[in-house]
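First, one chain by itself in structure tokens, the form predicted alone.
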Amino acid sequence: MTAIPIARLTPLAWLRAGPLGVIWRSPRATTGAVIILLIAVLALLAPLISSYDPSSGAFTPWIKPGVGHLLGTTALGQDIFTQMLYGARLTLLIGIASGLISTAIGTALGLTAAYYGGRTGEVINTVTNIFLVLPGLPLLIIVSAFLRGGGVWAIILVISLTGWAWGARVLRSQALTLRNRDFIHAAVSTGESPARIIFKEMLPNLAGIIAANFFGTALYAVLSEAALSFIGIGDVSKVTWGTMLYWAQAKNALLQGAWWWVGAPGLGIAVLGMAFAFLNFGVDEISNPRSNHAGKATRVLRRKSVPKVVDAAGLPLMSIQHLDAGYVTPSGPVRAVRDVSLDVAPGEFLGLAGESGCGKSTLAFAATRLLDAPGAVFGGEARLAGQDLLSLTPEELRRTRWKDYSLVFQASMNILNPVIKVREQVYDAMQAHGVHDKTKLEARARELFELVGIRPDYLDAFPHQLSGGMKQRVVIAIALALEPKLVVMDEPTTALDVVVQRQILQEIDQVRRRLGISIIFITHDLSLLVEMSDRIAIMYAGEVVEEAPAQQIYTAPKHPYTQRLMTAFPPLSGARERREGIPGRPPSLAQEIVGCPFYERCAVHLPGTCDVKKPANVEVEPGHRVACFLQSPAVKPAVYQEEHDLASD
């Protein structure tokens, strides 16, 4: 199995982990940053690189590019290469300064309009709309004409005051969504000042959009300065890449065959614009990685091997073997699932329990290739009816999902599209797998609704017309549409009241028995699993520490962690007893765990053993497996060897 180094550092690890590390996580952002840095360095070192004066006409006009003059000379005898170096200074200054000023104005007005709303928001929105409907270039030309002769800062001011509106509109719309989030309402309720809420609560969540707005505005500024200078409205006495283009067209450079005079500044502006665009795209990629991985299968980083031909006869329906999965981060991989092996028999109801962050959902999603970026599978196998899901192509996965296995997500009632009728959403999965006959679709939809306890006439309803329990039943019906062999349910009833929870779970169990499907049910509620499950697996710190039939877990739990979980909820009858939580907290999954992961929280650990050796998961009774030295002295083999450096991925 693939080895996962946890703390290995690369030569640039310090840079990746620093404040600018966000740029180095994206190849496009890195490319843009390197280009801008190179241009800035060349501009600052211009006196050392070239000994010529950019405005001096001491040379012969129209000299072609060569050894003495790398980019030739102008019609006035000026060295074009020197002008390119010095012109980069003002061009960069205009782009960066205008970007900063415009972004500051747009951010301030956008956040103010979103937070305060009411009349203040309407006034700001009206002003923003006025600037948006005014044509950009004509407005620039008119304002620049009044400020003509004011120098570079006048150009920066003009571009800044005409370029903020688009950013303000985008930021306002995003901030309005953020303003209605629960944590903002909580901050308002606790009496936090508007300034603190805006700068501490809202601004960090909008950092990606603000950064993208800055780079977009900087690009707009560079192009606007070039356009103004080209038509002679800018300050043509200064040396910028834009004014170089102005003088080139004024002296008919192309008619004289001096293409280098036009080509050099034009190419410089194009390269600088490309760098700003790369940074813009890179920041968007980093701030919203899901947009770049939508529809893609989970990354599988395990060592490639020849696919095995497995006879599914007599084997478990779902077989997970030595699965190692987690998340790839700039500081190294976080192994949320560590060498987990688990089987699910045909028709079995398997419960997966453990506290938050123990790896339950990661295990289920990694095994079914639904782990979102930056999630990845580092090693192991996940076979469904003998087919290795981790080796399937995206097209093979598309044909397999929903037909051979399906999922009911946590709070999945929110996945229903509010503007599409329930009927169309029930049809979707069946139509994606080749069922297009309207009669068959309708008949199956009605059958599914009766199966989960909803009247078929609700097929014509919109999601907002259904209660939470009804929407949850609709999602379960969709998951059962093609009668998959396996259904993975990730806490599907958490947001529902206990009465509706019980009704839905009873219906799920009845459907399972009627259709003979297998279910993996993920939840924190161990008492619920004891009642519903055939078998229960307990996870802690990314590992399965105990696995047994539900009745055995209830009457005779063997792992100290399971025992503490079982005593966390009181019985409904008998004398009152004092209940206590488990002291301490789980270990960090970003580090290698030496010994038993529960060692520091365990009241009955064995010093010198539990803290230095990892217990093997062994069968101590028929069907009852546990990883604990109190039950077996077996030590887990050291299977993780350092083979691949994911820290630099």
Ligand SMILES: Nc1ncnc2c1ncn2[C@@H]1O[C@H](COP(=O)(O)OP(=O)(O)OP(=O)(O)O)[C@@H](O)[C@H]1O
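So that there is no doubt, residue numbering starts at 1 and follows the sequence shown. Remember, predicted model here, so these are calculated numbers, not experimental data.
From this point on, the text means the form predicted together with the ligand, which you will not see here.
**Q** Only one of 525, 491, 507, 534 comes within 4.5 Å of the ligand in the predicted bound form by heavy atoms, so just point that one out.
**A** Residue within 4.5 Å of the partner: 491.
**Q** Using a 4.5 Å cut on heavy atoms, which of 410, 503, 319, 552 is close to the ligand in the predicted bound form?
**A** Looking at the other structure, the residue within range turns out to be 410.
**Q** Quick one: is residue 300 in contact with the ligand in the predicted bound form, heavy atoms, 4.5 Å cut-off?
**A** Because no heavy atom of residue 300 falls inside 4.5 Å of the ligand in the predicted bound form, the answer is no.
**Q** Is there a heavy atom of residue 104 lying 4.5 Å or less from a heavy atom of the ligand in the predicted bound form?
**A** No.
**Q** Using the partner position in the predicted bound form, report whether residue 74 sits within 4.5 Å of the ligand, counting heavy atoms only.
**A** Close contact is absent here: in the predicted bound form, residue 74 is far from the ligand, nothing within 4.5 Å, heavy atoms only.
**Q** Verify the contact flag for residue 334: yes if a non-hydrogen atom of it lies within 4.5 Å of a non-hydrogen atom of the ligand in the predicted bound form, no if not.
**A** Yes.
**Q** Please determine, with the chain shown alone, which of 354-362, 439-447, 234-242, 185-193 has non-hydrogen atoms within 4.5 Å of the ligand in the predicted bound form.
**A** Only one stretch passes the 4.5 Å heavy-atom test: 354-362.
**Q** Who in 373-404 is close to the ligand in the predicted bound form, meaning a heavy atom within 4.5 Å?
**A** Just 374.
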